[in-house]
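For reference, the chain that follows is the form predicted on its own, supplied as structure tokens.
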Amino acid sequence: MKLSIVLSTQPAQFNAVAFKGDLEANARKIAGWGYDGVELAIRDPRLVDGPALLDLLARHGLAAPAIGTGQAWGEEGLSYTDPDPAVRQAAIQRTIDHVPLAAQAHALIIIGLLRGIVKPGVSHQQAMTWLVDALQRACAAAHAGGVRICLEPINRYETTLINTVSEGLDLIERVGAANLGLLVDTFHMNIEEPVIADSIRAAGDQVHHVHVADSNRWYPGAGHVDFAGVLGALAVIGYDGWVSGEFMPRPDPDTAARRAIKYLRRIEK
């Protein structure tokens, strides 16, 4: 199992990112605890020196399997489903801007809340039409760079656009892009899926990336998610991608990261 943890390259308000701040110091610690890579949370790739960042990670033996885009939503309000066409276009362009670094790092691009919400005055059908169009355009640009895009089903309390694996699979079919897959997140699945392992098996080879956090969004092992069942289901579908920690920095970032990898390594045996 290839394990990574989310590392933010820029200041961010999002709480479920354990590591922010000094990149060099954080990379050193993460590598020292035995992680294989870091999932990069990047608000705007134009503000990041990509080659220098990847060089820093390489010095610590860390890969960068995925790039998260959620800060563009959280910090700037960009989304694929905003009523303002300029905002929608900016969200699509921001996704496209990630392609060069993603290609260089052999990383996936994650679409979480950058997909947006159904805003007042907008029908669910209209929002879905905008979402499909945005993903088709983003996937086309990513395909040209040899990059895959992952859509993350997110729980109903954060958005009403694609909450479950089943809805995600339907969306993939509607978009019709070969480089679009799913990111499954155990925190959101604990809310939306009747049996997490069953939903993973149903998704099969459409699972392209995995986020782990426990039922309380703390590190794995701090709640009641059946992670042995999760890892077992991933083995059944032949998943050979990355399992990435995206959880609250509780009781503190270092403790959470150390406990997460210790717990996951123990139950995978």
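Residue numbers here begin at 1 and follow the sequence given. On a predicted model such as this, the values are computed, not experimentally measured, just so you know.
Heads up, the form predicted in complex with L-Erythrulose isn't pictured, but that's what we're talking about next.
Using a 4.5 angstroms threshold between heavy atoms, E152 counts as touching L-Erythrulose in the predicted complex. Mapping the unseen interface onto this chain, E158 counts among the residues with a heavy atom inside 4.5 Å of L-Erythrulose in the predicted complex. When contacts are judged by a 4.5 Å heavy atom cut-off, D185 counts as touching L-Erythrulose in the predicted complex. L-Erythrulose is not drawn, but in the predicted complex it has no heavy atom within 4.5 Å of R28. The candidate spot formed by H211, R217 and E246 lies fully in contact with L-Erythrulose in the predicted complex, as each residue has a heavy atom within 4.5 Å of it. Only one of I196, L113, A127, L101 comes within 4.5 Å of L-Erythrulose in the predicted complex through a heavy atom, and that residue is L113. Segments offered: 101-109, 84-92, 164-172, 185-193. Contacting L-Erythrulose in the predicted complex at heavy atom distances within 4.5 Å is 185-193.
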